[in-house]
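Given as structure tokens, the chain that follows is alone and in the form predicted on its own.
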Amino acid sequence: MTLTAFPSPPPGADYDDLRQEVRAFLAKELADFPPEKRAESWNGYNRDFSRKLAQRGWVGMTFPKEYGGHARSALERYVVSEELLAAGAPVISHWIADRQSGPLILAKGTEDQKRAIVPRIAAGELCFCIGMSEPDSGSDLAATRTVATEVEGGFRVNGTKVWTTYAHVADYMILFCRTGKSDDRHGGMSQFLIDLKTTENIQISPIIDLGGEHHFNQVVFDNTFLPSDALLGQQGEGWSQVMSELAFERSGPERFLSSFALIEELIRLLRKDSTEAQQAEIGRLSAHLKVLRQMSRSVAGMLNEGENPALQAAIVKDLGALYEQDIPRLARSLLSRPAVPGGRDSYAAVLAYTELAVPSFSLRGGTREILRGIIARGLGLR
């Protein structure tokens, strides 16, 4: 079995001044933001808030200055991300674009694509969605059946994507699909940059989640024409491109802080009156969180050095989902108070929201089964 290292982040990577600046901003901007809204975590949608962050230089932090970015480190971006998540800030409008779409375009896009798109991401103006998962294949991206066929002047796309978060409001999608045949299961794949506001023959339909909310969508491409310049990166290199993209998607603090509002509510109540057994459980929860944070910061340090920590990111994603999904169960074991959606009791409202949200945590960003296959291969067990 191959051992996998999580190197320590570089010394001096705490950036306390930046952290305090972000906390002060959030304390003011979210002063009236109730706990049940904070529980939405990075699923909260507010374009104006994303623009305010961009004005402070906290979107596109790692992007080069020539493309509207700020040339800061991945570890500085991590600090901002961590504080936004801990505060339950509504960030989905820019989150995907800033986290993975922008870096992918910078790494693989043409100069025209970079100059047309990346500065608008850094300004908090663009919302991106992810065109990966499909019916009957889910997180098994190698089983994708959406096909882009070459025609004069570009490609015709046919197929369906599913669980596409915020596609109904997104400006762009990065689509992963087949463009050719290959004996290699991972060959013949490509990615496309799609303007969802102007491209015809795309049908976006809502998928309502357990909480009755509309985050997910089904996206159908019906003989959709994409011009040649919509191709992102090299034709046929989609698999390697999407794997590098997923290292950004799977490793961040959103993989273990999505249930943080419930942890805060739980501690708020137990701080007033708790037994030694309850305190021990909170200690275990906190220790687990600290380990996940260290692993995630390690991945941020590796990304900062230009490495591709796909294996480490998969481990963080899998362990983080287990952690987040267990928090409602732990809360119920420590406090015998019912979950009440939209109630006056903030703990009850946050518990109700989180219980309905957590089943999706082991689906988004890759199902547990797919992740563990990646981890097994990376460890030399398959």
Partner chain sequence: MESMIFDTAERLFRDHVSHGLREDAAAGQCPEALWTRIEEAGLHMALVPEEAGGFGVPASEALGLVRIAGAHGLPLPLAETLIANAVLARAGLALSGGRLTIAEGDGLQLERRGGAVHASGHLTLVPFARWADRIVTIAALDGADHVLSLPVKDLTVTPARDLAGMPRDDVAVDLDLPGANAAALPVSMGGMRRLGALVRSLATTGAMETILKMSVEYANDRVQFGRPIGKFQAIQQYLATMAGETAASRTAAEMAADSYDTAAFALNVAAAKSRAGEAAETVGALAHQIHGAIGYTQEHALHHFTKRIWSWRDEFGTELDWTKELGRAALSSPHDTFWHFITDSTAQGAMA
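All values reported here derive from a predicted model rather than from experimental measurement. Residue numbers count along the first chain shown, from 1.
Just so it is clear, the following notes concern the form predicted together with the partner chain, a form of the same protein that is not shown.
K.L.:
For residue 295, is any heavy atom within 4.5 Å of the partner chain in the model of the complex, or not?
P.N.:
Result yes; residue 295 sits at the interface with the partner chain in the model of the complex.
K.L.:
In the model of the complex, does residue 181 have a heavy atom within 4.5 Å of the partner chain?
P.N.:
Residue-level check for residue 181: no, no contact with the partner chain.
K.L.:
Could you tell me if residue 137 has a non-hydrogen atom within 4.5 Å of the partner chain in the model of the complex?
P.N.:
So residue 137 does not count as contacting the partner chain.
K.L.:
When the contact criterion is heavy atoms within 4.5 Å, does residue 280 count as touching the partner chain in the model of the complex?
P.N.:
The answer is yes: residue 280 has a heavy atom within 4.5 Å of the partner chain.
K.L.:
Tell me, which of 61, 352, 315, 330 has a heavy atom within 4.5 angstroms of the partner chain in the model of the complex?
P.N.:
The residue from 61, 352, 315, 330 that makes the contact is 315.
K.L.:
If contact means any heavy atom within 4.5 Å, which of 219-227, 144-152, 83-91, 202-210 contacts the partner chain in the model of the complex?
P.N.:
Within 4.5 Å of the partner lies stretch 83-91.
K.L.:
The partner chain in the model of the complex: within 4.5 Å of a heavy atom of each of 5, 19 and 372?
P.N.:
Verified in the model of the complex; spot residues all in contact, yes.
K.L.:
Taking the partner chain as it sits in the model of the complex, which residues of 242-264 have a non-hydrogen atom within 4.5 Å of it? Please list them.
P.N.:
In sequence order, 257, 260, 263, 264 come within 4.5 Å of the partner.
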